[in-house]
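What follows is a single chain, given as C-alpha cells, in the form predicted alone.
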C-alpha cells in the first residue's frame, strides 16, 4: 500500500513508519519537525517537511494514489494543554480538519488515528471500555475526542473509513527508535535520566490520590505493540471495519511503582521529591483492550513494565544525547 504517516518523525510515528517499511509498504512521512527529529525518519521513507495545516504540504504528500493515512501529528502534553489550550485546538483539531479536507479532495478514504484514552477523563470504572462515557478533563483529551467526532461525521458524510486507537502511555524503544522530547515530560525517560545521573531528581505530582500508594495510576504500552496495532488496523479497514478501539496493558502501575521498577531493572537509585497535584491529571487510568484483541487479532508481546523500561534504558545507553541534531 501507498501510505502517508503524519508526524512520522516523532516517537510513535517513526516506529510505526519503520514497521510499515518492514512489511513492504510505500511510506511518505509528513512532519514539520516542531517536536520530531529528522534523524528519526526511517531510511527508505519519502519525507515531506511541512505542516498539515497547509494544503500544499498535503497535496505534495498525497500525490495521486495514496491508499491510507496514519495520523500522529499532534501536540500531546496534558499539562501544557491546560496552559495553552488554543494552541492544542489549532494544531490538533485544526490540523485534522485540514488533513480530512485534503483526503476528501484526493480521494483518500482510510485513516488510522492516534487517539488517546484521555478522551474518557476521570473514568467511573476500571478498566475503561469503549462504550464508557467520554468526559475529557483537559484540552488535550478534548482535542482527541473532537477529532473522533469529526472522523465519525466524515464516515457518514463521505464514506470515510477510520480506526481510532485510544491508548495512554507509550513506552519502551526499538533498537533504532526511542523517546527524545525537548522538554521531556514522559515519566519513564525522566526517571531513567535521574537514575543515570543526567538529572538530579524529579517531582512526583501528588501522593494523596485514592490509589495503592497515593500516586497516580497509569497504563503503559510498549511502542512495539502500538505499532503492531496500527498495522492491524489497516487490515481491519480492508474488511470494512470503522470505529474506536482501546489499547491497554490491563496492568496499571503507580508512579511510585514505576520508580521502583526502574531501580530494579537498572540497579540504580532514583532521587525524587513530592510536589502538588498537576492540573488535569485523573487519579487512575486503565484501559481494556479486549475489543482490539477481538477485532484486530492483536496480542501484547512486549508490554510488561520491566520490558518497557529495559528497552528504553538500552536505547538511552546507546543514545545518551538522544537523536543527532
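Keep in mind that this is a model prediction, so the values were computed, not measured. Numbering follows the first chain given and starts at 1.
As for the form predicted together with a small molecule, it is not shown, yet the points below apply to it.
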For this session: Identify which of 78, 234, 100, 119 has a heavy atom within 4.5 Å of the small molecule in the predicted complex; exactly one of them does.
Result: 78
For this session: Report the residue, out of 53, 278, 49, 290, that has at least one non-hydrogen atom within 4.5 angstroms of the small molecule in the predicted complex.
Result: 278
Problem set entry | Per-stretch contact check against the small molecule in the predicted complex, the hit in 178-186, 124-132, 149-157, 88-96 (non-hydrogen atom, 4.5 angstroms) | 178-186
Exercise. Is there any non-hydrogen atom of residue 110 lying within 4.5 Å of the small molecule in the predicted complex?
Worked result: no
Exercise. So, in the predicted complex, is residue 222 in contact with the small molecule at a 4.5 angstroms heavy atom limit?
Worked result: no
Problem set entry | Close approach of residue 204 to the small molecule in the predicted complex, 4.5 Å, heavy atom | yes
Exercise. Should residue 169 be classed as touching the small molecule in the predicted complex when contacts are defined as heavy atoms within 4.5 Å?
Worked result: yes
